[in-house]
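Heads up, the chain below is alone and in the form predicted on its own; it's given as structure tokens.
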Amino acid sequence: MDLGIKGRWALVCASSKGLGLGCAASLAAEGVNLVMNARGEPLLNEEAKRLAAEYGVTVHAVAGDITTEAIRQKALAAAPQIDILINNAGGPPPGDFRNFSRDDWIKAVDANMLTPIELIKATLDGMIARQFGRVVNITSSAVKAPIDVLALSNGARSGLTGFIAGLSRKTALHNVTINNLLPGMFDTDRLRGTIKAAAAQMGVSEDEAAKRRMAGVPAGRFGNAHEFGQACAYLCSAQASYVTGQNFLIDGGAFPGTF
């Protein structure tokens, strides 16, 4: 199916690896030009060159910390316009909330709530003027089913979710949609980090902790970045113009609720 977004420009944050890279690749496969951002410059440049060569699209790599104003401005200026915005950030560290300082909380909120809001603020009016825009925020299944060792993520990402719930209803009239993708357990560095923390907390090996996590997934496996990227590409499509303000949980069936 042609998703109707060929030639559009997308800014994809934290896209040198993992779920962000999966989203960038799926958009590039649809003919979308990219601005890719991540802090690690060598890997970012490598993946940007690969996607440009593989899919024949224009790809600009902007390395640096997207939570800073300077890098946000540089990323935004790398494209003639931003039609699609994929907000993504590495999750804050796991741990016991008793051990987190105020600075830890501020850093988590800045990366996982305030930075996405700043990028939306910078791109939204242009999207409205052009009568096309897609914003997808990669949050976490912890927004719907909080994970005890991810206190920082639970709080910061839930704040972004509440903000989006209100804003997304105001933009749909202009063919600008804003949705959230909530990944469950995907085979990424982030998952491996949380498994390591859980293993230490439970006093078991990392392999055993991984088996216990996987046992709770009806699909019988962890997800992969490609299938996540495909879901992201759909939400960015012309066909998804009637979908806004939604929280798409992609977790292999792990969440047991009806809603």
Ligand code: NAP
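As the structure is a computational prediction, the values presented were derived from the model and not from experiment. Position 1 is the first residue in the sequence shown; the rest follow in order.
The same protein also has a form predicted together with the named molecule, omitted here; what follows describes it.
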Given that the named molecule is left out here, which of 25, 19, 235, 249 has a heavy atom within 4.5 Å of it in the predicted bound form?
19
I need to confirm a contact call. Of 164, 185, 120, 127, which residue comes within 4.5 Å of the named molecule in the predicted bound form, counting heavy atoms only?
185
Does the named molecule, in the predicted bound form, lie within 4.5 angstroms of each residue among 38, 90 and 190, using heavy atoms as the measure?
yes
is_contact(residue 31, the named molecule) in the predicted bound form, heavy atom dist at most 4.5 Å:
no
Closest heavy atom of residue 67 to the named molecule in the predicted bound form, within 4.5 Å or not?
yes
Does the 4.5 Å heavy atom contact test between residue 134 and the named molecule in the predicted bound form come out positive?
no
Residue 138 versus the named molecule, in the predicted bound form: is there a non-hydrogen atom within 4.5 Å?
yes
Heavy atom contacts to the named molecule in the predicted bound form at 4.5 Å, residues of 112-126 in sequence order:
112
